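Shown next as structure tokens: one chain only, the form predicted on its own.
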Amino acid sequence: MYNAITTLPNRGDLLGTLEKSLNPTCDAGELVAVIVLRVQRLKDVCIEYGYTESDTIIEEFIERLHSCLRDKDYLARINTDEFALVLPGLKNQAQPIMAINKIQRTCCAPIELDGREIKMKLAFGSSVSPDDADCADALLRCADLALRDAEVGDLESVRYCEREASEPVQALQLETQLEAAINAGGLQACYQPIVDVETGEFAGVEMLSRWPNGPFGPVNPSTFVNTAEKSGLIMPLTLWCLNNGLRECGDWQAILPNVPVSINFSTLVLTDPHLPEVVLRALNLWNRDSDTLTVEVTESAIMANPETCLQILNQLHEHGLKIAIDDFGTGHSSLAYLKQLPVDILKIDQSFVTNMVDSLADRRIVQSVIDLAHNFDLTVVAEGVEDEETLDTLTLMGCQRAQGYHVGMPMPASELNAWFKGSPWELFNAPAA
């Protein structure tokens, strides 16, 4: 049976062809690889561009995919957004990796459609016979498991490993446990201080959610945020962050009235038309002024759907909230969009800050972002400040604020109260003694 739109074989055809290719190849001492790839956010593309134009995009994508394959390779479409490749007759384990790299370069280059550029994002999982399995169904399952681990870990590609797969973070179990953690207080809010490097004054905190007691122990934040996005739990998680951040900052009012709190918002939340209403309701619930809340968004989140994000961010900004672009320098934002966005703060990604004292290239990048922020009349915050020398260098470069282990570790609200009292940084708006 062939797909009517793509004329590609389906999963059943794939398994039959894979089974036929295993015996003669194995007899010859050669390897067979299965690569499963998923087109990320394909549904969003269909919604934004319409299904007719989306078919044109997919056809171009498949044509590019075919151009990466040898004559004896086999391609099937096994789900709406999922494709599988059979690569028979391989000589070594490096060849599937080379194939994935080639597909990534070819298929992720922008696709032009009516003057617009659409860039596909892919995730890959791979397995190899006879090392991982010696029958078609098991080999495809191994590749599926590897793809799942790539998506859970927010990675581009994962090669199946039996040792790692024997203790996997089961996606469904993780979703169930995460929902319970959100509803029953299993998550923990931590706060990392931000200071003004020019005056030595305390300038606010960034809230960071933690899951210390997940189903298999502590869970990496990027893992459970990724799970929340895929399972529809991202808005409940965001509500948890909002309510806890606004509630707990009330405990600091005696020391710091209206202490600013920054909270991260994901790509999916930024496209929810009800987000401004949700945020304002939380502010009213905890009796907080809107200018005490900073919404942190990444470049990649904005560029995933710039028109919708611009509309949502403008609404939030009009109500008095501050907007910060997080991890600046790691994405692909356009200066044209930066000019349009209601941005108050640029946060330089820690990957450039941490080694800037020893890296001329990193220092140049940091200086460029600082200059850019000043040219747009924005406040610039350097993340990943881990020592005095880095802090001094940033001060001389004109950076206004700093965040990192040298300033303060992420800590629960109870520990932050003690940090306030013993911190060398001055506390603005502190009540008179």
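Throughout, rigid core stands for the largest set of C-alpha atoms superposing within 1.5 Å between the two forms. Since the model is a prediction, treat every value here as computed from it, not as a measurement. We number the residues from 1 along the sequence you see.
In what follows, reference is made to the form predicted together with a small molecule, a form of this protein that is not presented.
For this session: Sort through Gly250, Pro221, Pro212, Pro306 and report the residue having a heavy atom within 4.5 Å of the small molecule in the model of the complex.
Result: Contact residue from the list: Pro221.
Problem set entry | Selected contact from Leu394, Val385, Ile35, Ala373, since only one has a non-hydrogen atom within 4.5 angstroms of the small molecule in the model of the complex | By the 4.5 Å criterion, the partner-contacting residue is Val385.
Exercise. Going by a heavy atom distance of 4.5 Å, is Asn314 a contact of the small molecule in the model of the complex?
Worked result: Contact check for Asn314: no, nothing within 4.5 Å of the small molecule in the model of the complex.
For this session: Although the small molecule is absent from this view, report whether Tyr49 comes within 4.5 Å of it in the model of the complex, heavy atoms only.
Result: Answer no; every heavy atom of Tyr49 is more than 4.5 Å from the small molecule in the model of the complex.
Exercise. Hey, in the model of the complex, does Leu338 get a heavy atom within 4.5 angstroms of the small molecule?
Worked result: The answer is no: Leu338 has no heavy atom within 4.5 Å of the small molecule.
For this session: Determine whether any heavy atom of Gln350 comes within 4.5 Å of a heavy atom of the small molecule in the model of the complex, and answer yes or no.
Result: Yes, Gln350 sits close enough to the small molecule in the model of the complex that at least one of its heavy atoms falls within 4.5 Å.
Exercise. In the model of the complex, which of 263-271, 98-106, 177-185, 73-81 comes within 4.5 Å of the small molecule (heavy atoms)?
Worked result: Looking at the other structure, the answer is 263-271.
Problem set entry | Did Arg247 shift 2 Å or more between the shown form and the other one, C-alpha, core superposed | No.
Problem set entry | Flag for Arg281, CA shift 2 Å or larger between the shown form and the other one after aligning core | Moves: no, less than 2 Å.
For this session: State yes or no: after fitting on the rigid core, is the Cα displacement of Lys121 between the shown form and the other one at least 2 Å?
Result: Superposed on the core, Lys121 moves its C-alpha 2 Å or more between the shown form and the other one.
Problem set entry | Sense of the change in Cα distance from Glu277 to Asp44 in the model of the complex - at least 3 Å versus the shown form | More distant in the model of the complex, by 3 Å or more.
For this session: Looking in the model of the complex, decide if the C-alpha atoms of Asp44 and Ser209 are closer or farther than in the form shown; they differ by 3 Å or more.
Result: Those two alpha carbons end up closer in the model of the complex.
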